[in-house]
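Taking the form predicted alone, here's one chain by itself in structure tokens.
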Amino acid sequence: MRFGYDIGGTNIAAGLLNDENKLIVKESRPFPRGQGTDAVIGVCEALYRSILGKADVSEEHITGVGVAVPGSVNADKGIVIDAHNLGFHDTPLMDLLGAALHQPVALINDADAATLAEHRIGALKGTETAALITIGTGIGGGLIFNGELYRGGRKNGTEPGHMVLRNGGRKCTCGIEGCAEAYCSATRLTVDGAKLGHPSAKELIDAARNDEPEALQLFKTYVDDLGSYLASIVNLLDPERIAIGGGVCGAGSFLLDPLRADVEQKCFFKTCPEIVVASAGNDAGIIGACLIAE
């Protein structure tokens, strides 16, 4: 069996994956913000002991441990280069956690972990070339090339949310103007919706669904921007399938139907790839972390 962590700035989630790639036990605990790396390792160790106890599995049956983090990583050296939300900078997480658990540890970016999970068991299964785009507070995702997770030409990973969509546009949280994240994230809907008295992406979408004129226009503009972004990915990579995830997908066909039509209109190729909803859900990070464990 393999063990995996999805370490986020709010919670640390962990789980145990069996040989059929199914999570048999999972658990989460609050991230010890501001308490230092030792406290994070302590929470991870406590989760490890708790989950093995609940599953009635001994340490000898664990073949490896994987860790997904929201930041840039050097997977070969097991170092978290920068994970600002965690306070990790040049942190040798593989060695620290490996010493605490007495297990081999592998490291991966959380968006790459989710992409790997979607490819093995979810919406991207069976594809040779595909992309996952996660739409939340920001924009994340990953790529599948030749049937394998693509970690970047220099192993720095990929940052699809920071493709520049509009020169001199809205300022992104990364400091660059015009990033896709500034136009296609749920935060964009929240910020714009608040001006109309709809201070969440869901409330704005619901207002648009109810034909509130200003909300509907904002939503159409959002779909246009998101469609331009996805069409750019299609024209660059020619993927078989794009999976999108995140809370905005709860809008269902109200989002997906006009989005698919928009991408098709902007696609260079005669036929466009499938655009589907990601299916691995909130467990994708844990599953992907487990899958890289050796």
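All residue numbers are counted from 1 along the displayed sequence. Note that the structure is a prediction, hence the values are computed from the model and not measured.
Only in words, not in the display: the form predicted in complex with a small molecule, which the text now covers.
Though the partner is left out of this view, residue 122 does not reach within 4.5 Å of the small molecule in the predicted bound form, counting heavy atoms only. Contact between residue 169 and the small molecule in the predicted bound form is not found at the 4.5 Å heavy atom cutoff. Although the partner is absent here, residue 151 lies well away from the small molecule in the predicted bound form, with no heavy atom inside 4.5 Å.
None of the heavy atoms of residue 193 is located within 4.5 Å of the small molecule in the predicted bound form. Contact check at 4.5 Å (heavy atoms) against the small molecule in the predicted bound form: none of 227, 260 and 264 pass. Proximity to the small molecule in the predicted bound form, defined as a heavy atom within 4.5 Å, singles out one entry of 111, 80, 218, 97, which is 111.
Of the residues given (70, 239, 246, 64), 70 alone sits with a heavy atom within 4.5 Å of the small molecule in the predicted bound form. Remark: of stretches 218 to 226, 88 to 96, 193 to 201, 132 to 140, the one touching the small molecule in the predicted bound form is 132 to 140 (heavy atom within 4.5 Å).
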